[in-house]
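Just the one chain here, the form predicted alone, laid out as structure tokens.
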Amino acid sequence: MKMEILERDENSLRLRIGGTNAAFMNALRRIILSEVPSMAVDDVVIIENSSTIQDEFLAHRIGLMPLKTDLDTYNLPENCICKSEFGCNLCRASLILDVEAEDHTITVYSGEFKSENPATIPVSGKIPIVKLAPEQKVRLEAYARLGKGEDHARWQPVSMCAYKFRPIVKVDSKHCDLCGACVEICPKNVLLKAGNKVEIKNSDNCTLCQDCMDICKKTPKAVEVVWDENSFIFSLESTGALSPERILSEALNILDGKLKDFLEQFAGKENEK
């Protein structure tokens, strides 16, 4: 299997992966969505809430607030040595919110949470939590822990994770009459009219919609769009809880562990025979 980075920034990653199949790619995608752990608020203790938002709605909003995650410091609750439903400093982090509007209406943002661990904070300080009118107040304690997306979407480390077959776009200059219709209809600007020919600008951006083929009036078609069934474009976008590389690395380690367990069970069954 070959892997090449096409695009990368702080929270997103786009790869070209070859030498594999759709089954492997879908397994990787599903593990990222459901089994790579990340931090999220699981319990909220409301001490005082005089805002117009009910306690349940306030807790729900806080629970969906993505938190920076340190997988090397915290344990999953089920794997922690404390074995306590209340957790300990190895499997739980607490955040405190204590805000009061004095003489004017204010918006309370995620940046106003105070965490006991400076590494476990909201990924952005600009997430709006609640509005407070004059003399209204919110005081609460939020407890965050590691979890998995298979239990609740708040523990998904990605906001997007998808793959597609790698597109293969071909232009037959012998049949092309340079009408330019295929260039104009392409939503991703894959085709470019340059001089006396139509060129392929970036085939990896193709969405495989085949509109360029449908609009071409030539027979046979001057434009052909197909795909390689053993090569893929894989994209993921992190919520900011983990870096894209760490998410991918954790997913591959989880998949590797599952395959090892399967081989051990298979070998055990064979030995029984």
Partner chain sequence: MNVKILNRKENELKIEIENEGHTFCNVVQKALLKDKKVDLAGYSIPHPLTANPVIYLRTKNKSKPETVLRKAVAKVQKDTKSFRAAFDNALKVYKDQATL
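Positions refer to the first chain, counted from 1. Because the structure is predicted, anything quoted here is derived from the model rather than measured. Rigid core: the largest C-alpha set superposing within 1.5 Å between the two forms.
In what follows, reference is made to the form predicted together with the partner chain, a form of this protein that is not presented.
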Practice item. Considering only heavy atoms, tell me if residue 35 and the partner chain come within 4.5 Å of each other in the predicted complex. Key: yes
Review point. Residue 44: heavy atom within 4.5 Å of the partner chain in the predicted complex?
Key: no
Practice item. Please check if residue 30 has a heavy atom lying within 4.5 Å of any heavy atom of the partner chain in the predicted complex. Key: yes
Review point. Does residue 248 make contact with the partner chain in the predicted complex, using a 4.5 Å heavy atom cut-off?
Key: yes
Check your understanding: Quick one: which residues from 245-262 get a non-hydrogen atom within 4.5 Å of the partner chain in the predicted complex?
Key -> 245, 248, 249, 252, 253, 255, 256, 258, 259, 260, 261, 262
Check your understanding: Just checking, between this form and the one not shown and with the core aligned, does residue 263 shift 2 Å or more at the CA?
Key -> yes
